[in-house]
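Next comes just one chain, in structure tokens: the form predicted on its own.
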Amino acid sequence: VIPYGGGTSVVGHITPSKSDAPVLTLSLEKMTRLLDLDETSRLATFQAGVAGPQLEEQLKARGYTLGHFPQSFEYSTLGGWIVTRSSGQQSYRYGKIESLFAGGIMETPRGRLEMKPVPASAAGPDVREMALGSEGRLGVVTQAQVRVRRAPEAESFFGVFFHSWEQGSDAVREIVQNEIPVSMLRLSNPLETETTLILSGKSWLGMADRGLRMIGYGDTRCLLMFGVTGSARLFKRTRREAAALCRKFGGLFVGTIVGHTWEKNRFLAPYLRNTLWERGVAIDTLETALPWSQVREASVAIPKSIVDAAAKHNERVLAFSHLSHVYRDGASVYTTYLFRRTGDPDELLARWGTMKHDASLTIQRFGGTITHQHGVGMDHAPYLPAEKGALGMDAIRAVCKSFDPDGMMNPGKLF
């Protein structure tokens, strides 16, 4: 039995395992309603098949927002976010899904599991945490209570250019560790910065490039986009403090012109995948999270490992990275890579497998998690034991067996 939400997984969450057993796909597409809104506690109860736009539209009508905006926002669902430990583009302000998920209902082969929405508890291990990241192995999340907020009074996204990746990453770390309340921080490395500017298609790009080079922002420049969200008073203060700290590290504040372009296109990248495929180019992404002490070196080594892996097949690849989610103790490194699509699907899969494998080993060599936001699915399952350890994997298997003794729920995922 494979629970199906929006079908946006990029790591094989809804791919059937190789077996002669019959497969039942259980769609939640009709389960989209807001069932209750407790405005005193600011808890919203939704059916778990609700997609991002449907969820936000129902909350907006009441003056609220969840604030969870993954790149797959337009199709991915609340239930999918929960069972894959999803992150939104503005999770720095609103939190990842584990901090938004207060409770709910999961139907399992052994019966219904009800997770009561309490603000905090010391009553032993939290069964809510078992549902988070369970990837359909325990059962089907059918209903969820989530923590919502009043819709913000003001929101904008701003751009800052830095002379180098080192200056940009230092500025981002300082913003986070000084607890300046921005809603998003996204720092692109030089190659992604150049690609982003080209893809913007703006008529002023050539003039802007010449101007930046004249004042010393050349081939090593990096683009930071930061978001400010909240009350009008907080908005002004946060923008001022973030811009001032960026200037301390040589940042050139360029206002909202780049940020508006990003905001307009923030959910369009998944559609680009199909367009590129039709033009003979394959695209994939991978991500991790590491301590700040490892971020700078790993962010160079990960895309390099992909380029080197492609070279084994006498192929070239375009690989670039950005910091997508930041924490006081570290950051997520998100890498995109594009490569030639061959006519032979087996050859294409083998080349992709080499790049994915070498990048995954590089991530593990630096002590990063095998996935920060995409989940495990099938693609990351071979690398999970190195992260969890033998005892940890035994515990995961035991929990799954407790809820699903016959192993009928989404087999092949996690382990």
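Residue positions are given as counts along the sequence shown, with the first one as 1. Small disclaimer: the values here were computed from a predicted structure and weren't measured.
The discussion below concerns the form predicted in complex with a small molecule, not included here.
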Contact flag, residue 415 vs the small molecule in the predicted complex, heavy atom cut 4.5 Å
no
Check whether residue 227 has any heavy atom within 4.5 Å of a heavy atom of the small molecule in the predicted complex, and answer yes or no.
no
Contact with the small molecule in the predicted complex for residue 10, defined as at least one heavy atom pair within 4.5 Å: yes or no?
yes
So in the predicted complex, does residue 411 come within 4.5 Å of the small molecule, heavy atom to heavy atom?
no
Among the candidate stretches 32-40, 386-394, 346-354, 368-376, which one is within 4.5 Å of the small molecule in the predicted complex when only heavy atoms are counted?
368-376
Tell me, out of 250, 259, 190, 270, which residue has a non-hydrogen atom within 4.5 angstroms of the small molecule in the predicted complex.
270
If you check 108, 342, 71, 200 against the small molecule in the predicted complex, which one has a heavy atom within 4.5 Å?
71
77, 81 and 139 - do all three of these have some heavy atom no more than 4.5 Å from the small molecule in the predicted complex?
yes
